[in-house]
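Take a look at this one chain, the form predicted on its own, written out in structure tokens.
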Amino acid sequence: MTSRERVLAHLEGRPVDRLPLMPITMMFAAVQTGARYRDYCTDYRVLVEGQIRTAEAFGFDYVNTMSDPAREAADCGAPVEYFESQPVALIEDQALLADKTKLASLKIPDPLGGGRMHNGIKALALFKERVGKDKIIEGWIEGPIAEGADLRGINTLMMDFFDDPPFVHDLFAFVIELELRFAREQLKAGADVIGVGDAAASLVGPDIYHEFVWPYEKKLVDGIHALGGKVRLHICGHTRRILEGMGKLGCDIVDLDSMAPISEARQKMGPHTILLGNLNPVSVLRNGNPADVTAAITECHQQAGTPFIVGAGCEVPRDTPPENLRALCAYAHTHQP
């Protein structure tokens, strides 16, 4: 089977020759080209080269366009800061919607308008040209609370849940429209899967998650499916309190961070959810040895059961020893679901 055939078959519940392999790499992939991470974030050709080199060197089944959370916000006009060797960052004290009345006049930018979103779409088109017949191609968007925090400022948004709930609903509705437009153009350009990063969802309690966040995540997931795309959800951080809700979103893949036990995710999400993960990317993958990695991913697989995709609990750290990543990959290459 090709990588593309393997992942699509697994997502559809059909037999595969081995476990799919879809670890998140960003800074690690940039290192494979010797490029500055700033260039990886801002030049689609650098990103594509890094992803393809990494996928080929380690036998990944996919490539992705993830680089940082600031694409959409930057195109909306939010102040961002660029660094030579770190991800792009939002400037919290200069948040675009520090004055929340500006939301009423904020326009959704054109994803094809020459900005950072357009750069990501160009990456997808180049992926399709170079590896589209063999690899799964994954685009990326921000989820409602993640993008809402990028536009409003995360600390201010946390107060808004209590001080101005109607504003939060208006903000998240704006975000969903923005992200679905971005997702539509990514799918047109060649994406098979749209990754949704909603890291800030792990920072709120289950009551706020279910009242404010989950309904908009659900609209986003359903909207991507209506556009013909698959959905991979990744929420960084401690998600134990919201696992059941995450499982009810209907995502094609739930990419679980290492802070949440994968056995508990299986219990709360049911037997049909495809779980990905979730060994600790720092203490095990970066700081351990190949035997540690093999033992950890074996345990993850045993706890998750089937269906399962091999990956780390979050991004593969930049300075992960290659032999450790190869141990993770070897497990996928030699095991069936």
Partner chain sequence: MPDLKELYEAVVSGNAKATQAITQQALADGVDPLKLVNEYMVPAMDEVGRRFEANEYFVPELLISARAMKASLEIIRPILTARGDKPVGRVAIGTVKGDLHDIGKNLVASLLEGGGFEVIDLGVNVSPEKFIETVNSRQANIIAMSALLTTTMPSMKTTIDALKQAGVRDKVKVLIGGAPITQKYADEIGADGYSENAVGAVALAKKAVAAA
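Remember, predicted model here, so these are calculated numbers, not experimental data. Numbering follows the first chain given and starts at 1.
Quick note: we don't show the form predicted together with the partner chain, though the next part is all about it.
Chemist: Want to guess which of 225-233, 150-158, 186-194, 102-110 is within 4.5 Å of the partner chain in the predicted complex, heavy atoms only?
Modeler: Of the options, only 150-158 has residues within 4.5 Å of the partner.
Chemist: Is A173 near the partner chain? Define near as a heavy atom within 4.5 Å, in the predicted complex.
Modeler: No, A173 is distant from the partner.
Chemist: Is the gap between E81 and the partner chain in the predicted complex 4.5 Å or less for some heavy atom pair?
Modeler: Close contact exists here: in the predicted complex, E81 approaches the partner chain to within 4.5 Å, heavy atoms only.
Chemist: Could you tell me if P321 has a non-hydrogen atom within 4.5 Å of the partner chain in the predicted complex?
Modeler: Residue-level check for P321: no, no contact with the partner chain.
Chemist: When the contact criterion is heavy atoms within 4.5 Å, does I274 count as touching the partner chain in the predicted complex?
Modeler: Because no heavy atom of I274 falls inside 4.5 Å of the partner chain in the predicted complex, the answer is no.
Chemist: Let me know the one among E211, D163, E129, E177 whose heavy atoms come within 4.5 Å of the partner chain in the predicted complex, would you?
Modeler: Of the candidates E211, D163, E129, E177, D163 is the one lying within 4.5 Å of the partner chain in the predicted complex.
Chemist: Give a yes or no on whether every one of P206, V282 and P317 sits within 4.5 angstroms of the partner chain in the predicted complex by heavy atom.
Modeler: Every residue of the spot touches the partner chain in the predicted complex.
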